[in-house]
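The data below hold one chain only, encoded as structure tokens and taken in the form predicted alone.
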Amino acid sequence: MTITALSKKERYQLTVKGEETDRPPVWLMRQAGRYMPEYMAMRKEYSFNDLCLNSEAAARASMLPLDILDIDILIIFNDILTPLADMGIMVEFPDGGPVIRNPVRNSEDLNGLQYATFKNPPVAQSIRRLKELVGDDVPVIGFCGSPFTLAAYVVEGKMSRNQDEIKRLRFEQPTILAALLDRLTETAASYLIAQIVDGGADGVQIFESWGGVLAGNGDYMEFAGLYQRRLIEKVRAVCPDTPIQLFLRGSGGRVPQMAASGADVISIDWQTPLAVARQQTNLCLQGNLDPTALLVPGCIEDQVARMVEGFDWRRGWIANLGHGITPQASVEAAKNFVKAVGNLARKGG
């Protein structure tokens, strides 16, 4: 069946619903970033934090993947830790990665740390400005960190390889961790709702970057999955028609738990084959090329073909990476990825 060419926004909306489209929509996590010379030129004008908080600059940065790669979905330029400042958490962004100056590790640290509420925050202003620049045919999505991922940063202070501090808190004082997760859930919900209601976001994504470190599905559901579900319920109660996407790094074996979150789209990492994930859920899937493939422009066509082996990509699939694009990635390879996804439909294979 021949399907009339769709706008980028129509393609996104129909794909989320599981309907067949002219081709899969495609975008890249961290798609406006250090691999782009144009982004690095902007960083000479703005610090990372200023770039997140300046609506005009954030909108300009967010547009780069559309202008350079002809991407289908734009995600607003921001950082998952930005809303923590409104809770009284001191966040800094040095070159070595984010640092929390007042980590929460005991009941005394937790005292006075309340959830934040947002009305027209800078990120919503950035989304609104971006939508003015690109028009109504290009979908713009907002995002936040999941409660557990935010908690991991808040407790660790500076992210470590093993996440020793949050694991220590989980075993020594799980009630304090639960109270922290409750407050982060309220904050994240308000932050996402503001992006939709005040900013006009066409969808939102929740990044569960650290939930995969939890041991077993029992721990995952108690400290990550439960709060994902509560967050999604709170957003959906106010914005019932806005698609919600959930990404999990470390998704292997946890696709059913991700589906139980209530998200519309399940975004999986590169270690979970799309064909395997499809056997576990009929929800729209997103992913999942290994980001390191974008170091080698000439390998992309073959890697995309391998990615969709045994998987029906014709409906219910948003093409993406299995994690964020790396600073070492090639712009040419990113362009080749977008083209290779489009070629799937042209080849009809």
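Remember, it's a predicted structure, so these values are computed and weren't measured experimentally. One rule holds for the numbers: they count along the sequence shown, beginning at 1.
Omitted from view is the form predicted together with a small molecule, to which the following refers.
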query: Any non-hydrogen atom of residue 98 within 4.5 angstroms of the small molecule in the predicted complex; finding: yes
query: Close approach of residue 222 to the small molecule in the predicted complex, 4.5 Å, heavy atom; finding: no
query: Exercise: residue 81 in contact with the small molecule in the predicted complex, heavy atom 4.5 Å; finding: yes
query: Any non-hydrogen atom of residue 153 within 4.5 angstroms of the small molecule in the predicted complex; finding: yes
query: Contact test, all of 31, 76 and 209, partner the small molecule in the predicted complex, heavy atom 4.5 Å; finding: yes
query: Among 43 to 51, 289 to 297, 310 to 318, 276 to 284, the region lying within 4.5 Å of the small molecule in the predicted complex by heavy atom distance; finding: 43 to 51
query: The single option of 159, 176, 85, 259 touching the small molecule in the predicted complex, heavy atom within 4.5 Å; finding: 159
